[in-house]
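There is one chain below, alone, in structure tokens, taken in the form predicted alone.
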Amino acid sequence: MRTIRIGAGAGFAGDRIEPAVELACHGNLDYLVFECLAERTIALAQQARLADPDKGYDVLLELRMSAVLAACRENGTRIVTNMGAANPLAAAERVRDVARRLGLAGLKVAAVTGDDVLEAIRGSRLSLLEGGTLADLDNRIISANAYTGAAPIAEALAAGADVVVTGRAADPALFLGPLIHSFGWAADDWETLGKGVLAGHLLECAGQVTGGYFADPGVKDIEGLARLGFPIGEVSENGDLIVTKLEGTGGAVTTATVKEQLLYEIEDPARYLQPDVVADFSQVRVRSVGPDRVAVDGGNGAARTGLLKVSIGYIDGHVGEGQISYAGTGAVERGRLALAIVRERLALTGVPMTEVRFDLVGVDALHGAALSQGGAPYEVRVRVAARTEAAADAIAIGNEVEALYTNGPAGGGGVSKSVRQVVAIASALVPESLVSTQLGFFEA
């Protein structure tokens, strides 16, 4: 039975580049996939594009392509990535420019567009999954991108693309597209498409399935995390999968790492809603078939819903933050006094806030005072953070913490302060008929 080898070159926008280079050079891959687009990432990319029409794609795009493109061309490995973010066309042009610089004449790059549905839904009373309607967000909306499926990726590959750059495609679709193209799977072969989504889901987060996110010292020990190898999926024509990695790289592929990734971000394993199919992971079987080789089968699927999820980015005020450290005898007491001073100062000056946190990092910053184990750490870091509507009010938060240098407890140091605009995300479902994808081609 024919088998396709797909490597995961990245699991998020800031992921390491070296494991992808190893895969490009030594993985004997048919495809290398870079999944770099989280829920808020595309809204931030849309902001960048509004500021500069030539931007809005992943900032590491050129660096990643410069690192792997020549090796992929030499080894016959085709690349699929969502690093196009808010500007797939500009991203595809940059990939073409990298190919020209590397002397890779004839390399063909495809851009998949059409996921941007902001104008199509603007002004509607579309219901939000979190409650309320689109109209409630008024003029604060900056982006609206639908999760597109595998079909345009498969179409681009059929047209001869060596590199396919998308915007907001569903993560598993980046892997399903190459499988549909390679094996000719039908658009209504629900069982096989469900297996393809299963393969994509297990591979999409890269180093998570090879032990990175899995590691927990003394509980789940994993060796070689500084040299973590990224996963390879060996996918058979019937959709069955073996997850593995390059020999000699760090990390591990075990039944436990695969099972954890299988459940990652899954609400209902029997109904994992995707643009191409409703995948069913409820009967999946996982077994070891050798060192760092885990076989996965039993995936299934049902007809897709005809609806696509839309991720809507909107401006939700500002966050102002200030931090200062205290160390030595009485560090906790001085830190708590510092928090009390800032709390009172913000009340006296009347800074309008919609949310505020007063934390001692190292004591109660993550889980609150109720779960704090007590004791007296040698050092603590005071953190005050507040959400405000106006940037000027957010600035006041950090200023009050900085004033503790001379107006607060003894021995404070290492002040930092920041203000950032909050880009929040809401979600909605739209008919797939509202979304029309297009392909653009560029050749080196």
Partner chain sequence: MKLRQIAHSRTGDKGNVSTISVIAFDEADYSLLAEQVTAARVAAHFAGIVTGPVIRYELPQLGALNFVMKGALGGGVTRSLALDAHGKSLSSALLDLDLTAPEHPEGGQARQGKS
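Positions refer to the first chain, counted from 1. Only a predicted model underlies this, so the values are computations on that prediction, with no experimental measurement involved.
FYI, the form predicted together with the partner chain isn't displayed, but the following is about it.
Novice: Indicate whether the candidate residues Met1, Pro152 and Arg227 are all in contact with the partner chain in the predicted bound form, with contact defined as any heavy atom within 4.5 Å.
Specialist: Negative, none of the three is within 4.5 Å.
Novice: Heavy atoms, 4.5 Å, the partner chain in the predicted bound form: which of 96 to 104, 177 to 185, 240 to 248, 308 to 316 makes the cut? Say which one.
Specialist: Selected range: 308 to 316.
Novice: With heavy atoms only and a cut-off of 4.5 Å, decide whether Trp190 touches the partner chain in the predicted bound form.
Specialist: Residue-level check for Trp190: no, no contact with the partner chain.
Novice: Although the partner chain is absent from this view, report whether Pro269 comes within 4.5 Å of it in the predicted bound form, heavy atoms only.
Specialist: Contact check for Pro269: yes, within 4.5 Å of the partner chain in the predicted bound form.
Novice: Might Val284 be said to contact the partner chain in the predicted bound form, defining contact as any heavy atom within 4.5 Å?
Specialist: Answer yes; at least one heavy atom of Val284 falls within 4.5 Å of the partner chain in the predicted bound form.
Novice: So in the predicted bound form, is the partner chain close enough to Glu39 to count as touching (4.5 Å, heavy atoms)?
Specialist: Because a heavy atom of Glu39 falls inside 4.5 Å of the partner chain in the predicted bound form, the answer is yes.
Novice: Can you pick out, from Ile17, Val430, Cys25, Val422, the residue that has a heavy atom within 4.5 Å of the partner chain in the predicted bound form?
Specialist: Comparing distances to the partner chain in the predicted bound form, the residue within 4.5 Å is Val422.
Novice: Please pick, from Leu69, Leu404, Ala396, Ala385, the one residue with any non-hydrogen atom lying within 4.5 angstroms of the partner chain in the predicted bound form.
Specialist: Filtering the options by heavy-atom distance leaves Ala385.
Novice: Within 253 to 272, which residues come within 4.5 Å of the partner chain in the predicted bound form, counting heavy atoms only?
Specialist: Heavy-atom contacts within 4.5 Å come from Ala256, Lys259, Glu260, Gln261, Leu262, Leu263, Tyr264, Glu265, Ile266, Glu267, Asp268, Pro269.
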